[in-house]
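In structure tokens, one chain follows: the form predicted on its own.
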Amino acid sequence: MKRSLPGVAGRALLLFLVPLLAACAEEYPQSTINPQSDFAAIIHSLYVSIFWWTMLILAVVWVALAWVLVKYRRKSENDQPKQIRGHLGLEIGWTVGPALIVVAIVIPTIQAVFATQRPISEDALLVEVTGHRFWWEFHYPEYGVTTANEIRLPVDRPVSLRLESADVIHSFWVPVLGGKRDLNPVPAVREGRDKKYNWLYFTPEVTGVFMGQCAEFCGESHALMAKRAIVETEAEFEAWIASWFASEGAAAPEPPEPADAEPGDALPEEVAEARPAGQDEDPRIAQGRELFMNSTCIACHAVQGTSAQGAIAPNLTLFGTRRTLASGIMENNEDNLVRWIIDPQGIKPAAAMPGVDYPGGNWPATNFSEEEVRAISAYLLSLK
């Protein structure tokens, strides 16, 4: 049974409209064609150049095909087209033409490689990026700050990312800021030789929050290894650095009483200021702080200004200011944090964090009650 013309036309129209409607969708948060740095702009320019060369080749092929179909169409049963062999002009054309197009693509590609592979500036902000299964660590040696999963960068300031892995191969990728770059385990080298790292150089040009992820399969939770790049003004970045050291973290230890003090005497001003403001503190936060500091949590996590100085899990200083938790896969709020502490491996398979009822990362189960988990969550969310 032959299909009717309207039916065929309708299907053809549908095939045309589907990609057209897809192109009209909302902006994709990890678009590679929305550059927000000089590195990304170079890659985008190269992409656009190659795209138009491709469209030119496509147009030439379509025109040639249409011309051949019309000129050499069969007019009768006995009609035979003229047979030609080894046409010199055609041989030269389809050899020289593609070669010239390849040269036109290769030259800007090589220029882009050199432009993106060398340091931008000697005064660039250095950030040491370490990939873990399955989270990101960002260390700012200039300031002595180490944070996790959200990398903060000042706008219009050159950035140098030194990339390495603590376990398997990962790949750093924030599409709007630049191309993918692998993070490899750093092999041991002979004494006196420099270790080999991968580097990524770029200058953020627009403020905003930009999504990224690991782009190299690294295990069960590879797809859940996200991150955020927060590009802000220089003043906002410096304020964040300052707040890092101004954060009180856990309660400071009780200062000693002066030797000559009498009961009821007022404490000296500098000693009084050292006392934590425990009177006005939410009891849940105080309880959560005590639980956190007296558990195995501090063997892995660090909180600036406290006895928690672990270095094998995300640094939790200013945790309450982070937008997401569990390496960017959930909004940072109390309910999600409670879920994460109770059952981290249920949310992120193969996570090296113990849950309430099961061990993890060579550590036993925490055995916290739900009330205790909520108290710990309140404390962590208070770290601002």
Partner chain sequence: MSSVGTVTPDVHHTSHEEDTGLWSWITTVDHKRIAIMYFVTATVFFFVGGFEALLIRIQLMNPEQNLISPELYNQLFTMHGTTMIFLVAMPMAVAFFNYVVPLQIGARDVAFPRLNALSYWIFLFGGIYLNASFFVGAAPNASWVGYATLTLPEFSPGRNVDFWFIGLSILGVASIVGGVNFITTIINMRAPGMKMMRMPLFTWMTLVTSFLLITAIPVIGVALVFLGFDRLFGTVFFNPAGGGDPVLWQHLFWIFGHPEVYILILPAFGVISDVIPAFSKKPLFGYPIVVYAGILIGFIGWGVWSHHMFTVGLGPIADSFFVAATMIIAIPTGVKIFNWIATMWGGSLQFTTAMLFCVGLVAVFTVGGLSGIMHASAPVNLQQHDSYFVVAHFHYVIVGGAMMGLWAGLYYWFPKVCGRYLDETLGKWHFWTTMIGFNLTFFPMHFSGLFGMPRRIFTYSADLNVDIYNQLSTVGAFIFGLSAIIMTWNLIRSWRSGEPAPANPWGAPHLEWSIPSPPHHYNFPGIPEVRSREPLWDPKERADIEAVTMAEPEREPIMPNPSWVPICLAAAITLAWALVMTGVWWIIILGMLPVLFFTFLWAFEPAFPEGH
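By rigid core we mean the largest C-alpha set that fits within 1.5 Å across both forms. Because the structure is a prediction, the values reported are computed rather than measured. Residue numbers count along the first chain shown, from 1.
As for the form predicted in complex with its partner chain, it is not shown, yet the points below apply to it.
Stretch-level contact check against its partner chain in the predicted bound form with heavy atoms at 4.5 Å: of 288-296, 306-314, 87-95, 234-242, the positive one is 87-95. The closest non-hydrogen atom of Tyr72 lies within 4.5 Å of its partner chain in the predicted bound form. Not displayed here, its partner chain is approached by Phe217 to within 4.5 Å at the level of heavy atoms in the predicted bound form. Taking the partner from the other structure, its partner chain in the predicted bound form has a heavy atom within 4.5 Å of a heavy atom of Asp182. For the chain shown alone, Trp340 is not a contact residue for its partner chain in the predicted bound form, no non-hydrogen atom being within 4.5 angstroms. This chain lacks the partner; the member of Asn198, Thr130, Thr207, Ser160 within 4.5 angstroms of its partner chain in the predicted bound form by a non-hydrogen atom is Asn198.
Checking Val155, Val145, Val168, Ile230 against its partner chain in the predicted bound form, a heavy atom within 4.5 Å turns up for just one residue: Val168. Using a 4.5 Å heavy atom cutoff, Ile33, Val60 and Ala223 all lie near its partner chain in the predicted bound form. Counting a residue when any of its non-hydrogen atoms is within 4.5 Å of its partner chain in the predicted bound form, the hits in 83-114 run Gln83, Ile84, Arg85, Gly86, His87, Leu90, Glu91, Trp94, Thr95, Pro98, Ala99, Val102, Ile105, Val106, Thr109, Ile110, Ala112, Val113, Phe114. In a rigid-core overlay of the protein, Pro81 has its C-alpha displaced by at least 2 Å between this form and the one not shown.
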